[in-house]
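Single chain ahead, written as C-alpha cells, the form predicted alone.
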Amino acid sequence: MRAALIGLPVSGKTTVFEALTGIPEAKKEENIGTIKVPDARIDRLAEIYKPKKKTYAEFVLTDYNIAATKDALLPSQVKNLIQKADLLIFVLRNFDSIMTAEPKDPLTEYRKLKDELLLTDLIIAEKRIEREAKEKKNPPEMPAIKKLHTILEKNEFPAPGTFTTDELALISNYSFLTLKKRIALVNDPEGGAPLSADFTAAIAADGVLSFPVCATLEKDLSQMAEEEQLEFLKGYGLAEAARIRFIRTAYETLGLISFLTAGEDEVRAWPIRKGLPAVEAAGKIHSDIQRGFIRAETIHFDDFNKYGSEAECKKAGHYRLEGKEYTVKDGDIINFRFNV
C-alpha cells in the first residue's frame, strides 16, 4: 500500500510526513517512510503462539520537496513519482502562517489541486484520442479513455464504479492520477479550526473523506516514548494519535481489510482489497500458493480468541474448509493448503 502527500507551498506537508512516520528532518526531494498498521489481533495471536516474529500490515508514505513551477502546482517530476501511489493525500492548510500573506483557505487549495490532476489527465487522454484518430487502429482501451475524457471535460473526478475491473486493467499503463483514491488531510492549528460548509460539500460531492490533524502537535507526539504519548494525548483531550486515525481513514478509502496467518514462526497481517476470493488472497503470500491452491483452512479471529486454540474451534464448529471462490473476511485466520 503506497500513499503520497501532495499540497501547496506552506501547507505543512513535510511536517505532516514527519508526524505520521516519525522521521525527523525529512528534507530530501523524495522522502519515503513506513507506517506500521496497529492491530490488536496480531498482538493477541502473538501472546498465544509466542512466534519468532510478528509482522503488521504497512503503509509506505511518500513526500516530495520539489518546488512548484510557474506552469504547474505539481511539477512533472512529482506527477511521475506519484503514479506509483495507490492513495493521494491532499494536504490543505487550515492555519494562519507567517510564511505567507495568503489567508487560510482549504477549499481553494483543494480545488487547485483537483484542477491540476484533472488537467494533467485530460491532456493525456486528448493526445491519445487524437493519435487514434490519425492511426485508426481501434485499440481495446479507447472506449475507456474516451469515457474518462468525457468525465474530465465536466471538471469531475470519476465516481466509484464508473469503470469495470477490465476497463481499469486496459488503461492501467496510462497511470491516470484521477483514477487514484483520495483523502483530504486538513492541517489544523492547535485546538482546531472550523471548516466551511462549502468545503464539506465540495469534498463530499467528490466522494473524498476529510481527515483533520494538527501536524505540529502530532510531530512532537511522534518523537515521544509510548508512555509519554498517552499522557500527552490526554492533556489535549485526544484518545489516539493522528497516525492511527489516518490508517483507519486510508483503509476505508482504499477498501482494504486484513486476513491473518499465525504459527510459531510468524504471526502476520496481510492487507487485501475487500471482496477478494481466497485463491487471489493466497497469491499475496506467494504466487506458488495461488497456483497450487487446494483449500483455505479458516477460523475467524473472534472465534479463535473466544476458544483459544484451533482444536477448541474445531470442537465448537468454527473451523472451515473453504475453496477458491470463498470471499475472505476481515480477521480471517487462514492456513492455505497447496501443491505445486
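Since the model is a prediction, treat every value here as computed from it, not as a measurement. Residue numbers run from 1 along the displayed sequence.
Another form exists, predicted together with a small molecule; not displayed. Remarks below refer to it.
In the predicted complex, N65 approaches the small molecule with a heavy atom inside 4.5 Å. At a distance threshold of 4.5 angstroms between non-hydrogen atoms, C214 is in contact with the small molecule in the predicted complex. Residue contact check for V10: one or more of its heavy atoms lie within 4.5 Å of the small molecule in the predicted complex. Contact annotation: W270 falls outside 4.5 Å of the small molecule in the predicted complex, judged by heavy atom distances. The contact with the small molecule in the predicted complex, taken as any heavy atom within 4.5 Å, belongs to K27 out of K50, K314, K27, R44. Though the small molecule is absent from this view, in the predicted complex it lies within 4.5 Å of a heavy atom of just one residue from Y251, Y174, F95, F163, which is F95. Only one of 226-234, 124-132, 77-85, 184-192 lies within 4.5 Å of the small molecule in the predicted complex by heavy atoms, and it is 184-192.
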